[in-house]
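As a starting point, one isolated chain is supplied in structure tokens, in the form predicted alone.
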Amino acid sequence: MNALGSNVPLKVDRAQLQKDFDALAALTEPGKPWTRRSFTPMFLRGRDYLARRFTEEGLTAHIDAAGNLVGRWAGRNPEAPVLMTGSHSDTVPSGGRFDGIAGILSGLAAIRAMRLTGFQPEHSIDLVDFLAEEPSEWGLSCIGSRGMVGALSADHFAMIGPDSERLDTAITRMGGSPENIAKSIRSDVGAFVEIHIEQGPVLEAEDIPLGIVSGIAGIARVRLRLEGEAGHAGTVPMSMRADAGMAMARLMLALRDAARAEADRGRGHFTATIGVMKLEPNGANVVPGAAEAVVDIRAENDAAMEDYLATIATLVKAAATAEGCRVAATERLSRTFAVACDARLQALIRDAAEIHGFATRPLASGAGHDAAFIARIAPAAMIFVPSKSGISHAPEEWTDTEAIARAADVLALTLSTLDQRPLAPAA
């Protein structure tokens, strides 16, 4: 017997879910599918569609102080902690048909399925489209979720974006009220569950319909600079070179091997990537005199991250020495910490999936999500659905509607189950 009083688990309306995906996919910048960058007119067109759909499904929609679109299904007990779900509708350039929007539309589908049974929740349920989860033109991501939990500072508000517009001005333009964010921090959320596409290859490769996210990786970025001696590519003997490019090549392999070793130690998800690298003077007939790179490190386990960061200095020095070069910089650019998903919520999701007959597996998120910030004020968890070929942030990003609908089925049962259980108010 599930929480709605039926032996048959709810199934969301697949046809309506598909209709909503198609409608939002049509709202894209011309020639750049599927693009709705935050703070743009196209983003607001997508928001208008969502607000209209929220209202059609019986939710009361408003924009909060941080610029988030919130649809509320009012519960019988206005004093009870709120249940929350949702994600984001903004996209990276040419890459957002499912990323983010799957979490909003599956939340809407789950609420619709519950409402059509006549179910009336004890707790209010909020469906949220968080503002600017993707990195914005202001150089900041997760703007709406940061604002909801009190993680936007005066320095953030003063960031300058296109046309010299301050971030606080841009939030106001989205319908928010930056001057009221500090006094609008949510303290009433009892639980948050976010559905998201995996953005990786694991679920598809293992033919598993749902991933239950164990945690969201912390991220560190480190700038590395090696300096040698530039010279003529045809006249400096190989044995007499101080080739910064070769030193960087050694370092890249050493960093990869060290990351693999951390991943093999059984301390959770761990990756290290060099996606930015430049040589100086960058001439085809010149031995590189300098090489610079940024390494992106992601770890589910903060101790593993710290161990790796401590190892970098040794690896940099060894690579430089081997090629007769010197270390010019090892600079930590940024560091965020890992967020563990709530164990109780993970168990409830697993139980709901089992009732529906869906296999699951635990899976860490190597990407950042709004859930990482909401976890500061409430227990939080995530459900992943497979991404075709593991592709995301690209026009080819694809997840079948049925795959997302399965997650929405599980979300409906998870929310209705949570609604029948006592929830501690947010701290």
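What you see is a predicted model; the values in this text were computed from it and never measured. Position 1 is the first residue in the sequence shown; the rest follow in order.
In what follows, reference is made to the form predicted together with a further copy of the same chain, a form of this protein that is not presented.
Using a 4.5 angstroms heavy atom cutoff to a further copy of the same chain in the model of the complex, all of G245, A259 and G283 count as contacting. Proximity to a further copy of the same chain in the model of the complex, defined as a heavy atom within 4.5 Å, holds among M84, M305, V287, C142 only for V287. For the options G150, G215, G75, G200, the residue carrying a heavy atom within 4.5 angstroms of a further copy of the same chain in the model of the complex is G200. Stretch 262-270 is the contacting one of 262-270, 183-191, 345-353, 122-130, since its residues have non-hydrogen atoms within 4.5 Å of a further copy of the same chain in the model of the complex. When contacts are judged by a 4.5 Å heavy atom cut-off, S334 does not count as touching a further copy of the same chain in the model of the complex. By the criterion of a heavy atom within 4.5 Å, T235 is counted among the residues contacting a further copy of the same chain in the model of the complex. P379 falls outside the set of residues with a heavy atom inside 4.5 Å of a further copy of the same chain in the model of the complex. a further copy of the same chain in the model of the complex comes within 4.5 Å of a heavy atom belonging to G275. Residues of 367-382 placing a heavy atom within 4.5 Å of a further copy of the same chain in the model of the complex: A367 alone.
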